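Only one chain is shown below, in structure tokens, and it's the form predicted alone.
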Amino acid sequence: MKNFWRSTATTALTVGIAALFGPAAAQAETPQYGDELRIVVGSKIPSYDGHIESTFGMIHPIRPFYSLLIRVNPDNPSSPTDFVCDVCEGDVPAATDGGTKYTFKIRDDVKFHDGTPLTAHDVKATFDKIAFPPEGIASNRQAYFKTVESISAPDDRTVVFKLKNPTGTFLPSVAMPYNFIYAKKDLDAHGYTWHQKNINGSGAFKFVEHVPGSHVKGTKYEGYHHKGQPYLDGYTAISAPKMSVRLQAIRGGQADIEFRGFPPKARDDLVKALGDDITVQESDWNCVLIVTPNHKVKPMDDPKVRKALSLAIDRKGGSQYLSKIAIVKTVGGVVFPGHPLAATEDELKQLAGYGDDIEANRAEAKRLLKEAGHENLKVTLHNRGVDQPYKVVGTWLIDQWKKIGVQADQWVQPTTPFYATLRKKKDFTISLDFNCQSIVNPIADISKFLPGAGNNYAEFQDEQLIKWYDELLAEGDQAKQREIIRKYEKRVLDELSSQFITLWWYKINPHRSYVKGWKIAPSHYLNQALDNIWIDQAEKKRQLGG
């Protein structure tokens, strides 16, 4: 599996670079020290606490202040299995005791920015907060550590994770970029919510300032434990909610890079305007837009209605059309397309809405609506007030549903009330939602479709799905995992149509060609430590003057 992913990532990167600069540009270059990176960020910072947040609006400006226990290899970030130590030493440990014990040795040269040495007790306190938070303390990824029985620190340099059973999801879960290592003394002295408004990390950059609505600034941490890094003197993350502003900032030389991704036309406009001054990296994206019906609201309590709405969607045709104007592209099921655990094309065709004959699909959809007594169905699609890809895909969905006689319109809300509707008010009939993950980790990723999961807003219960998911967590054989996922996927997308997939996202990162060292990953959350980035200052001067 490791070789498969490495090949895919290398191909995508090589094509992107070679298309613009030829083979010479792909040769290794010597990093240069100095200068600052200017990032444009299209969202706000809800808090500084990685353990409770899930947005690029936080991870892009704040991640460089923190270290992790392990992380994706910054030179091979597209791989879901290539992990390297960050504050641990040597190689990432293999499991012992039949796959139920992981022992990490912690480096003795890591310090927090306030000068406090980082020890195994800080790592234990951090993962205790994530995996076993006290009542009333939120932890967004607590479910990812369901198999962890205990965490111990027998001395200053040893951390031991004891698992209930062997699982392939443990290391990817530990390597998640949101698992910032916090100082135990900060947690003990200030409590578990202190990090929402305060920063004391051990990452490559030290916090300088945050001016809300304007920018976050960081400066080089001279005591950083990865010797010789970072190369930059500092960075500024500029708040720019409008995509047109971010685009013009890069085009005009006021910013160097945007890490989330631009749509195809923006890429083409930048390449046309800047030529060799812009580099484009592209990748499949572990992010997918989902249609979520509210099962507690009529007529979405009827599986025939839900299935009809899925059958109406022309996913293949939509891929061809939308991939020209939006950051979506790939047709897939619940698992990241191309992964060994994902459905093949033939397997997908067995699911509602994935067959080749769209007219037959829509005829079946009309039959189901008639049988359900909803031939003249009217629906309002709840949507997020973000153009890419939410509003673009939402508008396309409405057109798809009109083709089976459904009258549909959109109710668009800004991000904060959008989430309030999904999480608290639940006053929607059917809504767009997303499943965006960091490291490709299918068994953890598909927990999004599990009834009762904290981020599942479909408001339903199904004992069969829960049973299969528990079997999946305890199964170590990949072939058997694949069999269970196929049953789970058919239950979600076909039998219940409890939620349904639109299209998977496609990541396009154009950046100024003097930005070096950064490699794209299949997630906009990954590879954001900034310690491997450097600026070709002669090339920057050639492009921007000064």
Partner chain sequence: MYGYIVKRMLMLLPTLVGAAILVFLLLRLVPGDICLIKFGGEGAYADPEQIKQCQIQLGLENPIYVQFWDYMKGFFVLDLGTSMWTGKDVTYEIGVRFQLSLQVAIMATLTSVIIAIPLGVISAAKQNTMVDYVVRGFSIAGIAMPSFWLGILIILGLLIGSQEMFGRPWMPPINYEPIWVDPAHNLSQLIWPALATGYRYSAVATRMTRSAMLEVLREDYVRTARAKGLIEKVIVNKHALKNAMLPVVTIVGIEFAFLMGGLVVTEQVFNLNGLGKLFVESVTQSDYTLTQALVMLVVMIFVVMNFVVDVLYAWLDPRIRYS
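Residue numbers count along the first chain shown, from 1. Fair warning: this is a prediction, and the values are worked out from it, not measured in the lab.
Although not depicted, the form predicted together with the partner chain is the subject of the following passage.
Enquirer: At the 4.5 Å heavy atom threshold, is T415 in contact with the partner chain in the predicted complex?
Expert: Result yes; T415 sits at the interface with the partner chain in the predicted complex.
Enquirer: Since only the chain is shown here, I'm wondering whether A273 would be in contact with the partner chain in the predicted complex (any heavy atom pair within 4.5 Å).
Expert: Yes, A273 sits close enough to the partner chain in the predicted complex that at least one of its heavy atoms falls within 4.5 Å.
Enquirer: Looking at the partner-bound form in the predicted complex, is Q320 within 4.5 Å of the partner chain by any heavy atom?
Expert: Taking the distances in the predicted complex, the answer for Q320 is no, it never comes within 4.5 Å of the partner chain.
Enquirer: Taking 4.5 angstroms as the cut-off for heavy atoms, does I45 touch the partner chain in the predicted complex?
Expert: Judged by the heavy-atom cut-off of 4.5 Å, I45 is in contact with the partner chain in the predicted complex.
Enquirer: Which among 261-269, 138-146, 88-96, 310-318 is in contact with the partner chain in the predicted complex, heavy atoms within 4.5 angstroms?
Expert: Heavy-atom contact with the partner occurs in 138-146.
Enquirer: Select from the listed residues W468, W411, F132, F434 the one whose heavy atoms reach within 4.5 Å of the partner chain in the predicted complex.
Expert: Exactly one listed residue reaches within 4.5 Å, namely F434.
Enquirer: Considering G252, G385, P340, G476, which brings a non-hydrogen atom within 4.5 Å of the partner chain in the predicted complex?
Expert: The residue in contact is G252.
Enquirer: Heavy atoms within 4.5 Å of the partner chain in the predicted complex is the criterion; list the residues of 224-255 that meet it.
Expert: Sequence-ordered list: I238, S239, A240, P241, K242, V245, Q248, A249, R251, G252, Q254.
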